[in-house]
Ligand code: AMP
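Below you will find one chain, with nothing else, as structure tokens; this is the form predicted on its own, and questions on how it binds or moves follow later.
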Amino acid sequence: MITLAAAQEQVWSGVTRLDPREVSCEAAAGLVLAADVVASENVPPFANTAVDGFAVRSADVAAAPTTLRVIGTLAAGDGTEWHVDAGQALRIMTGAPMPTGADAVVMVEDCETVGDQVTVRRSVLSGTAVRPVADDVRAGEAVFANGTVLNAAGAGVLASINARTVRVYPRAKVALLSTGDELVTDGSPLVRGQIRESNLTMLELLIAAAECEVTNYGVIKDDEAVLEQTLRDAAARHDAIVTSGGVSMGDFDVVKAVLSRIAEMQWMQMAIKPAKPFAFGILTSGNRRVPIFGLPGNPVSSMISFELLARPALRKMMGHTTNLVRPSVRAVADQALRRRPDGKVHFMRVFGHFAADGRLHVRDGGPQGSHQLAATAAANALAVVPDGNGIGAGEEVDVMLLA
């Protein structure tokens, strides 16, 4: 057996970043920038008001209450140029451009109007409720650096500076498939020896949540020729392939037979539980080298090996350089997390919550069998329990957050 760290090094060093491309700002959220983004425009492009109220000269209302003459009304989007002289005020709506002459805005709640007169009941300082030019972004500044992971707010910033397209590392196109004549996907009644397919449903959602584009090839028949053709087609059209099942040492099914023949494969046995078996390889398609992640068939093992090995590798392909694995924290076990010594690190499904002490507390998430996906569905974290007898109640444990 090899350590998890050694397996991760083999897998992660075997993948390379995808070539950058231009995408729209709307499509860039969740992706990694491949170049600096420099603003070509100021945000805001003009000084404007932050509130509904009256644009005034602050000197005119220094001795409030003061009555001023209202010269008009200016709404957001109205480009009419106004000038406020001494003794005057302009009714103005949030976002409207500041008139010349005025240097502050008094909120409407602090004013009382009668006809074309407004009484300002509170004095304001120069600059009150005024958003200056370039208060958010200044033209010529780098708003995002190469390597930044763009979020939804970042996409909004791109729109605000008219960066309609940006250079990013694209979403990996991932082909997903499984094999097994025992797997039922059409909802028909089960006969003896059959089980309903669940891994592909779960993995498709996990891969999509990792910001990849997924093609679900479904369950492929236990036929070497059909599987080989499917894999070659998937490699020609995708950046990576994820398979489920057929990677255990005792297995000699069509997955292992075909992949051993057509790809450069590493068949691993890791010192962890669950998810001990894992396969990684490269399938050459033309001038492209397409990585293959072979996950075990037991659903919990499949999920955990995806989280620990495949998901970080896909993130690396999409330009991520840090935090490839989900975040981990030191937590308190509210109940004992028991196990037996077996030479492996156990990843136990737990449910965590933040308690009054500000720390994450975890409890056993239920049955820990590698086939027991229902119990896993209630967990939101994995407790990393080293070899030994487990963690006692009240003791600390490292926890990898899943949500």
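The numbering used is simple: start at 1 and walk along the sequence shown. No experiment lies behind these values; they were computed from the predicted model shown.
There is also a form predicted together with the ligand; it is not shown, and the following applies to it.
- Query: For the chain shown here without its partner, which stretch in 158-166, 290-298, 104-112, 140-148 has non-hydrogen atoms within 4.5 angstroms of the ligand in the predicted complex?
  - Reply: In the other structure, the partner sits against 290-298.
- Message: I need to confirm a contact call. Of E211, E307, D239, E197, which residue comes within 4.5 Å of the ligand in the predicted complex, counting heavy atoms only?
- Response: Spelling it out, the residue with a heavy atom inside the cut-off is E197.
- Selected contact from S123, S248, Q88, T128, since only one has a non-hydrogen atom within 4.5 angstroms of the ligand in the predicted complex: For this set of options, the contacting one is S248.
- Message: Can you tell me if E264 lies within 4.5 angstroms of the ligand in the predicted complex, counting non-hydrogen atoms only?
- Response: Because no heavy atom of E264 falls inside 4.5 Å of the ligand in the predicted complex, the answer is no.
- Task: Although the ligand is absent from this view, report whether E182 comes within 4.5 Å of it in the predicted complex, heavy atoms only.
- Result: Yes, E182 sits close enough to the ligand in the predicted complex that at least one of its heavy atoms falls within 4.5 Å.
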